[in-house]
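Just the one chain here, the form predicted on its own, laid out as structure tokens.
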Amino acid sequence: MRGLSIGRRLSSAAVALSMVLAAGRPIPARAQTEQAPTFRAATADTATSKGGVAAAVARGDYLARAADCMPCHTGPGQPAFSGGLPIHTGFGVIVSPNITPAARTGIGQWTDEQFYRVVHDGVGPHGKLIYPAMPFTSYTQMTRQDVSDIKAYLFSLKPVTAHRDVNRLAFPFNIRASLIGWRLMFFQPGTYRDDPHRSAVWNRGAYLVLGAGHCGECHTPRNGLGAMLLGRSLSGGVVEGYYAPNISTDPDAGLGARTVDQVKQFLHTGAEPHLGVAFGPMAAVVQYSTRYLTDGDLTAIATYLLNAAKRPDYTVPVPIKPAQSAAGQALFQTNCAGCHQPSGQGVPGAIPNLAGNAAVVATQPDSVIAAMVNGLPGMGTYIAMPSFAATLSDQKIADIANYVRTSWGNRGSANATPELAGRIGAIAKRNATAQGPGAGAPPLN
């Protein structure tokens, strides 16, 4: 396993999770010394007072990265932002649209107000309701100026004429009028307002986490209709076969025992000994989004996450049985110990530690299983990990997962099952065949 991390992405029943995984072209890395634009605009006329269109475009570039727009609006092998990414949900397939300034097939004829209504309210031109695969449920927190700057950046891009496939959703979800009831029950528009009892840094972090960064879209569990359970915000969710873990302030289940610097390091580099190495969906988030954020914004995010609500884990751990442990240990020694070491310590900077890795002992075992099923590309100095799907049965994969989650002092639950391994394997096969979300995403530089 290359690493197990703070992860993100779409659960099988959650349409509204879909704007997170990356596919398509990588964005060239900026020099580490480059100063990114200020994230939030103070007034409605900031664009004019700070350099006009060029300044708005620069801020919009930064904001588009913070909001992770490009990955979901870039299909496999397609030009950036030209759409075409098939997003698999429990309700069918949604295909991301072209958001280049092409007049007929993109957003080139949209007004500022029309663009704002899409992002802030989830309502397209001519009153067309937007499926919550677009996380307007979080973007609604963003200021009008920030949304305007993103539009300025998108309109600075080269137009790409590209007609995209229509959505393939099951009845009645293929009827947009069905969204009226969903919105009445689950969507509350409104721009973020600072908490006067909190510091400026905390408020900035809240704005980023709850708004543009839309972290809760993956790290929050959902109900059967795909709506976030806001009372359990940031307590973890299942995402395309991966588990996006608890990132609340809880010291046991979440990040409460970590430091600001540890969280910042993970978000900037994708690796931190206690939090693991970003892989799967979260690797894409680091690659295309969080590594570009300023030190101030990373500090704000970490500050908010370490000082927000606590979301404890109320599930009862499943203890491993002696026979399970013996079977898992034998399989681990044969297939994994050569890289991860018999002690689970890995090799610093090359192979992640499994002992003491927060994601290994997360509430759900999905990420441990997904790493074995999917394999992992190399990232930075960390070497690639092959897939074991063809060589290990679902039972053996579950046995290894339960072993690593309960060994070397790890206090995880032995709740991995062959049925879960089979479901995750089916997702992997579907995505590989259809080149769906995350397929072919390049590794971190």
Ligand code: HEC
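Note that residue numbering begins at 1 and tracks the sequence as displayed. Just so it is clear, the model here is predicted, and its values are computed rather than measured.
The same protein also exists as the form predicted together with ligand HEC; that form is not shown, yet it is the one meant from here on.
Which one, I351, A308, M228, A152, lies within 4.5 Å of ligand HEC in the predicted complex by heavy atoms? Going through each option in turn, the one that passes is I351.
Can any non-hydrogen atom of Y139 be found within 4.5 angstroms of ligand HEC in the predicted complex? Close contact exists here: in the predicted complex, Y139 approaches ligand HEC to within 4.5 Å, heavy atoms only.
Can any non-hydrogen atom of D61 be found within 4.5 angstroms of ligand HEC in the predicted complex? Residue-level check for D61: no, no contact with ligand HEC.
So, in the predicted complex, is A206 in contact with ligand HEC at a 4.5 angstroms heavy atom limit? It does not: once ligand HEC is placed as it appears in the predicted complex, A206 has no heavy atom within 4.5 Å of it.
Partner proximity in the predicted complex: A414 to ligand HEC, non-hydrogen atom cutoff 4.5 Å: Judged by the heavy-atom cut-off of 4.5 Å, A414 is well away from ligand HEC in the predicted complex.
Hey, with ligand HEC in the predicted complex, do R291, A398 and A428 all fall inside the 4.5 Å heavy atom range? No: no residue has a heavy atom within 4.5 Å of the partner.
Stretch 199-221 - residues with a heavy atom within 4.5 Å of ligand HEC in the predicted complex: The stretch 199-221, when checked against ligand HEC in the predicted complex, contributes G213, H214, C215, C218, H219 at the 4.5 Å heavy-atom cut-off.
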